[in-house]
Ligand SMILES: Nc1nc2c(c(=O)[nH]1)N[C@H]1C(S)=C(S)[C@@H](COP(=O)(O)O)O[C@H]1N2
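For reference, the chain that follows is the form predicted on its own, supplied as structure tokens.
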């Protein structure tokens, strides 16, 4: 297994056992240029596909030892994970204390076993959306593929039945209506990245556009 995955998974395990707190990114919980909202605005490509869970599949492949296609039932047979995190949209709003449930990215890595040369991820969605991150960015304590929000199934307008949550990046990096995750050796830009949005998307450095 990639040494970076082992190190980060050990940190995640310490967090889950209560032996380690996640690192603080900023003394101010609200990143620069953001304002707090109590609502949950809806932003998408203008398409909200209706995907019955009986027809939903998650394909994970690329540079992995064990590519898989998971049905809804198979996905929920994996270890379930719940985490509370903040949500930062590039359109300048943030929402605190979002409770997401699903499968930790570490559990997915255990399942597919990324090859050492895997450095990047490319995500595609049922609505035609795509985005990308480094593997390192996804290997964080609070990254997951979520199917529930605040104790209920994620509604269609917020990306259900499943979406990616990477709280330490702007939210466009968390693909709604998730369909595939591909492990790559080289970077591949997604929908907004080829249209001038930042490739790294760090809210704490106001990293919105390339």
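Source: prediction; values computed, not measured. Positions refer to the first chain, counted from 1.
The same protein also exists as the form predicted in complex with the ligand; that form is not shown, yet it is the one meant from here on.
The ligand is not shown here, but in the predicted bound form it comes within 4.5 Å of a heavy atom of residue 157. Mapping the unseen interface onto this chain, residue 177 counts among the residues with a heavy atom inside 4.5 Å of the ligand in the predicted bound form. Within 4.5 Å of some heavy atom of the ligand in the predicted bound form lies at least one heavy atom of residue 127.
With a 4.5 Å cutoff on heavy atoms, residue 41 counts as touching the ligand in the predicted bound form. Only one of 110-118, 136-144, 71-79, 86-94 places residue heavy atoms within 4.5 angstroms of the ligand in the predicted bound form, namely 86-94.
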